[in-house]
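Before any questions on how it binds or moves, here is one chain, the form predicted on its own, in structure tokens.
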Amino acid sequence: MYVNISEEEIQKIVQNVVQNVVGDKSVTTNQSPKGDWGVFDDMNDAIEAASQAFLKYEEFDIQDRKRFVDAVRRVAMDFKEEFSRMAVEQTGMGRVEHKITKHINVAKYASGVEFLQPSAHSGKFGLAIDEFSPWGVIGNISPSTHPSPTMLENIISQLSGGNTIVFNPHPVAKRLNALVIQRCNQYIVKEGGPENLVTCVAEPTLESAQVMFGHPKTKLLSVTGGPGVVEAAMKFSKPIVAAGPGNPPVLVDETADLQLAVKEITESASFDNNILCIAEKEIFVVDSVFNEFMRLFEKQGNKKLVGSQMDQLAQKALEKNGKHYFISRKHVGKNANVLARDLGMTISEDVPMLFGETDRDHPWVVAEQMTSCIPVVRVKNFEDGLECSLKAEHGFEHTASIFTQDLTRATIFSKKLKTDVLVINGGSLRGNGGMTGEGSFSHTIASPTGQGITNPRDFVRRRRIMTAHALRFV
């Protein structure tokens, strides 16, 4: 999601970091600071507690890590309804029932210690073994769009790697995120784990984020947010795993199974009111099947708007900051019936999405809208649709999808878009594995830094031990 942080604010974050991270609290002490099950009033204390916990965590083996990670999975399942209700109440985004599904997805499919198997190489010169080693304390920024699922999934992935974790949550979800951390620590301690494997600051701010970014004891940064936050984190000379924005296009050509396309796009784009960065944000349809697609998309339960209504809603829901359009915070993740009220319309809460025809340069196409309204653009042919898709994706290289029966076109589309996730003949959410797709699943899709769909291997160091001229026993 785009976050409206100006260049001036970013520079202020960088310029002030030194004076915020020095001092007695950043120095190792013999006693870990006291917090409320991982929640601290001061970011320095949260980092110090996680650092002290790491020294204890190093004494546990990978089987212990699995036990603690499984405890976090139980937190996701045991509190899925409570966390989901709190997320909607605190952020005003999405649907409770969809957020419950996201917690189940994390509990069952988030990547764990199974990704960290060592590898061996042997030959005439001896034996080499590659192992995965923790970084130490990982500093995390978590988003407002998926506050508890993202946090839980990152905890599972990063604890699997042997790290301890400190969070600077999004302020709008700070109460929920603090509760998540408390529950995780309680479940881990009950399983015999150390206290404070996961910590956070109770009142997260830009200033506490800059302390976390620059603190000498945070060895790796994991940032899920818009380009402003990512750019701020990248100012610091330490490794980073960054999940940035996306604006996923979907192209429907004249060979596509239209019934399949409207079903898959509706289910994927409407999930949690389109606040997932991987979800379809604009639809390009070849002219010869455009009218039939629109008819079927409406038949699928979506509400069709005329062009003037799409314009009117864009004026209310989209804001321009310089050259870029952003979804207003008032409209992010809202139900279709809530958006319809801005047009003086009353529709059922069960309507998945509003949709309507726009031109290819319309604000609805240009913006990462993240709400229950999707633009549909008429294109001449596959080649025209490909060019439109490239332009709308903005070079984020995040996610794209295509519906076609022509494998040559699907191949060309995938080579041109170069996205981390590309789905053929399915909703784009399927590309993230889990319940509806294949492969590993993560809420952190790190396009800016190149990891793509992350797993525990992205939060560890690779180390090698070599025994020369020995142990080659075959």
Ligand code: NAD
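All of these numbers come straight from a predicted model, not from anything done at the bench. Numbers follow the displayed sequence, beginning with 1.
The form predicted in complex with the named molecule exists for this protein as well; it is not shown, and the discussion that follows is about that form.
Novice: Go through 180-188, 195-203, 317-325, 367-375 and give me the stretch that gets within 4.5 Å of the named molecule in the predicted complex, heavy atoms only.
Specialist: The contacting stretch here is 367-375.
Novice: Would you kindly say which of 110, 386, 354, 232 lies with a heavy atom within 4.5 Å of the named molecule in the predicted complex?
Specialist: Only one listed residue qualifies here, and that residue is 232.
Novice: Please pick, from 301, 136, 92, 228, the one residue with any non-hydrogen atom lying within 4.5 angstroms of the named molecule in the predicted complex.
Specialist: For this set of options, the contacting one is 228.
Novice: Whether 170, 210 and 443 jointly form a contact site for the named molecule in the predicted complex is the question; each needs a heavy atom within 4.5 Å.
Specialist: Contact check passed for all of 170, 210 and 443.
Novice: Looking at the partner-bound form in the predicted complex, is residue 238 within 4.5 Å of the named molecule by any heavy atom?
Specialist: Residue 238: no contact with the named molecule in the predicted complex.
Novice: Decide whether residue 249 counts as a contact residue for the named molecule in the predicted complex under a heavy atom distance cut-off of 4.5 Å.
Specialist: Residue 249: no contact with the named molecule in the predicted complex.
Novice: Report yes if any heavy atom of residue 145 sits within 4.5 Å of a heavy atom of the named molecule in the predicted complex; otherwise report no.
Specialist: Output for residue 145 is yes: heavy atoms within 4.5 Å of the named molecule.
Novice: Tell me, yes or no, whether residue 362 is in contact with the named molecule in the predicted complex, where a contact means a heavy atom of each within 4.5 Å.
Specialist: No.
Novice: For the stretch 309-346, return the residues whose heavy atoms include at least one within 4.5 Å of the named molecule in the predicted complex, in the order they occur.
Specialist: If the 4.5 Å heavy-atom criterion is applied to the named molecule in the predicted complex, 309-346 yields only 329.
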